[in-house]
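The form predicted alone is given below as one chain in structure tokens.
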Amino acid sequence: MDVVFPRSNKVRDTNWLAHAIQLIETDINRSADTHLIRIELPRAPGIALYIKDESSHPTGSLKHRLARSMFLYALCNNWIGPGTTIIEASSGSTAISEAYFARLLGLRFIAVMPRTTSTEKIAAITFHGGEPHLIEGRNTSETAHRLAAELNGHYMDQFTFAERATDWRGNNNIAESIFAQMAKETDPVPNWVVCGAGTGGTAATIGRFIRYRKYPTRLCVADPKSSVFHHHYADRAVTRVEACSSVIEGIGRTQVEPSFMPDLVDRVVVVPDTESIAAARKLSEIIGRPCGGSTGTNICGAFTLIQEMMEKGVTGSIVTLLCDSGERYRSTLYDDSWLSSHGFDIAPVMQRLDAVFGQAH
């Protein structure tokens, strides 16, 4: 797949650029690292599960890290200047975070999103000063490209640049943070790290960091059943599926994006939406606050690995990500009437999850 790099028509304003980068670095400096939560597994002795809580970022999701890196990358490439209109294609969370940084720099921000995006996410984008641009279907990239050309703006294109905008060697990226926080645990080097793939950038960062630091940890991607990534992982010739009907926002795509690096992935677990929703609710019961659907997908990936470790008598630790808060899905994934209208019966899955996680207290 060819990568099209933006051609900058911005006149370099060194004073503005220096100020913009300082604003972002100041924001980084005032933000504490996110928490690593240990989940007790009384029915899986010798196995520890940890959840990296990315919902505690200022914009409430894992995508805060990505947006910050994307802005710094675009600034240093001279793709953004004073007065540049920023456009992004997103299912919501990236757009929320980019709206935050655009407002920090005093720039207009437009988020191209599917019309099915949760109302809570749309409201959050507006709260941070962004302008939601809703379209039918999920082919947001084409519309974002067009708007950028019409407005002489800059299309951030997270799907292309996510894997290279982040410094995967360290610099407090998510992988370095995970391993630093695990250092004093009983099993400090995880057997597995589990994450989803929307752009593929998080998986690429973690996979590269694991290899760079010479850890034996393996990387597992948990992917919605209707997404293309697991098909591509099994057969590199498959680069597109007709549709990705998953209701889990933020992960899963119809086409393999440039930022997805399958050679860095050791395992892919395919997760039906019903299981993702049930797992999000189960984890929410355990930790006492709601988690988003993609977190449920991650938990299902971890659940599969935990079961296999139990069957083989293997002990150790697994780390996965709490990507965003379930508050963004009150009108969908946490609404029983919405689940019923979409044909989701999560009760049987909740019972299966109890085999590992037990009853919530």
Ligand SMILES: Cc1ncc(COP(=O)(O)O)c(C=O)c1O
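This one's a predicted model, so the numbers in the text were calculated from it and none came from an experiment. Note that residue numbering follows the sequence shown and begins at 1.
Another form exists, predicted in complex with the ligand; not displayed. Remarks below refer to it.
- Per the 4.5 Å heavy atom criterion, the ligand in the predicted bound form is contacted by stretch 319-327, the sole one of 22-30, 319-327, 48-56, 300-308.
- Taking non-hydrogen atoms only, residue 62 approaches the ligand to within 4.5 angstroms in the predicted bound form.
- Although the partner is absent here, residue 199 is a contact residue: one of its heavy atoms lies within 4.5 angstroms of the ligand in the predicted bound form.
- In the predicted bound form, no heavy atom of residue 279 sits within 4.5 Å of the ligand.
- For residue 97, no non-hydrogen atom is located within 4.5 Å of the ligand in the predicted bound form, even though that partner is not displayed.
- Site annotation in the predicted bound form: the residue of 130, 250, 224, 207 reaching within 4.5 Å of the ligand with a heavy atom is 250.
- Along 272-295, one residue reaches a heavy atom to within 4.5 Å of the ligand in the predicted bound form: 294.
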